[in-house]
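So this first bit is one chain, no partners, the form predicted on its own, shown in structure tokens.
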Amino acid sequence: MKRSNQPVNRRHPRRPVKPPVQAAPATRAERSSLRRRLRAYGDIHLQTARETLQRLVRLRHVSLLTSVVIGLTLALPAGLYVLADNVQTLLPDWRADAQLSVFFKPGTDLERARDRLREWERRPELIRAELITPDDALAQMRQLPGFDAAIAALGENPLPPVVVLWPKLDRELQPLVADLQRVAEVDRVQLDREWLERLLALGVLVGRLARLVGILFAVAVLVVVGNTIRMEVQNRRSEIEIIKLVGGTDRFIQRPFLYAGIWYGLSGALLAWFIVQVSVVVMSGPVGRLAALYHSEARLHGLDFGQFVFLILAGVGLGGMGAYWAVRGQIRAIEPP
């Protein structure tokens, strides 16, 4: 029997490549187990928060003092912020009465003053203009008590014509004042509400001061909460050693102290909100009388809902961070004998 000269392929035939096995979707039992774990995790935190609050209520003399300190610390920057916000809110109402008084030089012809009035009325930065003649100004002075004898002693009317201008509030007034001052017949331009511009600058300064004080007092809250929690850890040192001896983890031991800091921050923030609101109510009466003198209906306002939520979150966050900063190293350093 002859042997074939062709080479024999001794390799196995190529097997078909199987596609990668995809992970099976989570079964109903696995999803139910995950929900149970999440629910148990939430129940543990809820129970810890409740037990921590009950402990703080039992030790209310110490916890109340800490909450008051935190509340007073947060109330000052919050009050400064409310003050700056009220100044920014009240200024548009008061600036609506801003006027420019343009005094002509003595001896200026009245017709020339009227020509200037018609020219200024066409300027786009002005709302309206009004001319006060020397006779009208003298009549207004006669109505003021104590000026009758002085006016009778005058041989002639020395008052110049005056044009009162009401500018638009969305533009800077200083360029307009400089432009009017360059008119040949004009003697002096007086901005009757310059003090409002100074008040606006003061409001900006108070706003920046509120932010700076807020940062400094946030650090103060961290220190207050941290020292309080540190003292509480030292007072419960024996309890912590026993918990570690029976297998308690650092996270388990830290959890009540973290919730204590959160409760301190929450109570302090609520107290700060109460102090600010009471201060606004107390100051509303004098501010209302001051606004009435300027024919304004502006009123003070306290923290709105968004600002209230921010204050609460800031207090809770600072309390939690202060507690975590104080308790993290201490719990690790404590070991059972």
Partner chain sequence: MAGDPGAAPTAASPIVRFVSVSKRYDHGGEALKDVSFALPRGQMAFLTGRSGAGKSTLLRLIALLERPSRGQVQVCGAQLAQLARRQIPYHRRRVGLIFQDHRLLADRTVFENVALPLIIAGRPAGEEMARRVRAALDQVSLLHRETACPPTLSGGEQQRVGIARAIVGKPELLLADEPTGNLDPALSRDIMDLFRRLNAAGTSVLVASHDLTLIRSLGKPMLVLEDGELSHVDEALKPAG
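Numbering follows the first chain given and starts at 1. What you see is a predicted model, and the numbers here were worked out from it, not measured in a lab.
Same protein, other form: the form predicted in complex with its partner chain, not shown, and the subject of what follows.
- The contact with its partner chain in the predicted complex, taken as any heavy atom within 4.5 Å, belongs to Ile243 out of Val162, Val206, Leu126, Ile243.
- Only one of the listed residues (Glu119, Glu130, Asp187, Glu239) places a non-hydrogen atom within 4.5 angstroms of its partner chain in the predicted complex, and that residue is Glu239.
- For the three marked residues, Gln47, Thr249 and Pro336, a heavy atom of each sits within 4.5 Å of its partner chain in the predicted complex.
- Contact annotation for Ala40: at least one heavy atom lies within 4.5 Å of its partner chain in the predicted complex.
- Heavy atoms within 4.5 Å of its partner chain in the predicted complex are found in exactly one of 174-182, 231-239, 105-113, 77-85, that being 231-239.
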